[in-house]
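First, one chain by itself: the form predicted alone, in structure tokens.
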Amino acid sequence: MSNFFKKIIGPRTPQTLDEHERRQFHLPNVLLGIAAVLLLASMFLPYWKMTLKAPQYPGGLSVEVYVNRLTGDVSEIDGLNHYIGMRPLGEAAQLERAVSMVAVGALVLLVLAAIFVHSPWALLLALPAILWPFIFIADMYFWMRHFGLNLDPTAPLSSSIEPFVPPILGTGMVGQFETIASFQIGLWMAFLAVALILAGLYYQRKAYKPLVDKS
């Protein structure tokens, strides 16, 4: 094994340790492993939800956003949006939805790979997963802003609605409609995975840095 490769993967767990000493080396593996499972599971759960309330819809209309699809009252909301000149929701983030399952799957593999890399390279491997939920939110905001600020001026009610930016979180008003946006369980699981990754990397460095310093 070359010295360069050894520096990348870092030191290995010493074999001459009692059970109590081994725990500090097992803990980061457990934390990173749980984070990978959470990320994997989050792909199949909703990340974001918007509810539209109006007098003619006392029960409200809702759309849930998964990493790869939209569900809920999408066609009904698209019908209302048509009158104010907003494009159909399905036209947003088409590329992102097409590649999301593969992309998140790759993030899971990178986090698992970080378990076996006991050097600063572990952070580089895990960094995309750490950034993932923030990238999702930023992408959602971009598309909501783009759609809200670029209304079709030929739409039937275009003259009665000024361009707007729908809230990515919390409540807002669009004409007579109230919108309520909230993060859902998939996104919260991704954030929890981030916290576990950071904790795992911290305890990994705490366990292996003394070995690096001795080498």
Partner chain sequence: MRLNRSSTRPIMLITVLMIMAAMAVLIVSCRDNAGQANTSAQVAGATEDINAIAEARGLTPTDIANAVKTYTPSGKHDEYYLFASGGQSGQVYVIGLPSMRIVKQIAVFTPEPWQGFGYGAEGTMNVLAEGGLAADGTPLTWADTHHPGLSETNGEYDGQFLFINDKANARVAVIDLRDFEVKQIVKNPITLSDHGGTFVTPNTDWVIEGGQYGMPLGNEYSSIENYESDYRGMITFWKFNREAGRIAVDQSFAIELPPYWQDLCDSGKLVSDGWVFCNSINTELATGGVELGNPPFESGASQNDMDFLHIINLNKAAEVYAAGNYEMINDFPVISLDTAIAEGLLYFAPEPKSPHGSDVTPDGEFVIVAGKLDPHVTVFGFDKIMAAIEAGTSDTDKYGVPILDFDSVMEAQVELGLGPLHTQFDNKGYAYTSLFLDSAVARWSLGGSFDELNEDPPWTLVTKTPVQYNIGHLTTAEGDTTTPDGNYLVAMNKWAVDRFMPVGPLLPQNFQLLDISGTGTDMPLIYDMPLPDGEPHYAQIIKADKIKAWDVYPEVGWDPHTQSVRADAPKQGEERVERDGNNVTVYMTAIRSHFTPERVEIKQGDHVTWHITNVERALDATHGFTIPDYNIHVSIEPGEVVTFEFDAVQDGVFSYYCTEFCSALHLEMMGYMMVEPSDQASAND
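Residue numbers count along the first chain shown, from 1. As the structure is a computational prediction, the values presented were derived from the model and not from experiment.
If you look for the form predicted together with its partner chain, you will not find it shown, but the lines that follow are about it.
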> Among 161 to 169, 26 to 34, 39 to 47, 62 to 70, which stretch has residues whose heavy atoms lie within 4.5 Å of its partner chain in the predicted bound form?
Replying inline: 161 to 169
>> Give me the residue from Val117, Ala92, Ala103, Ile137 that has a heavy atom within 4.5 Å of its partner chain in the predicted bound form.
In response: Ile137
>> Taking its partner chain in the predicted bound form, would Tyr83, Ile130 and Met173 all count as contacting it (heavy atom within 4.5 Å)?
In response: yes
> Using 4.5 Å between non-hydrogen atoms, is Arg205 touching its partner chain in the predicted bound form?
Replying inline: yes
> Is the gap between Pro153 and its partner chain in the predicted bound form 4.5 Å or less for some heavy atom pair?
Replying inline: no
> Hey, in the predicted bound form, is Leu124 touching its partner chain, heavy atoms inside 4.5 Å?
Replying inline: yes
> Does its partner chain come within 4.5 Å of any heavy atom of Tyr141 in the predicted bound form?
Replying inline: yes
> Out of 61 to 78, which residues reach within 4.5 Å of its partner chain in the predicted bound form, heavy atoms considered?
Replying inline: Ser75, Glu76
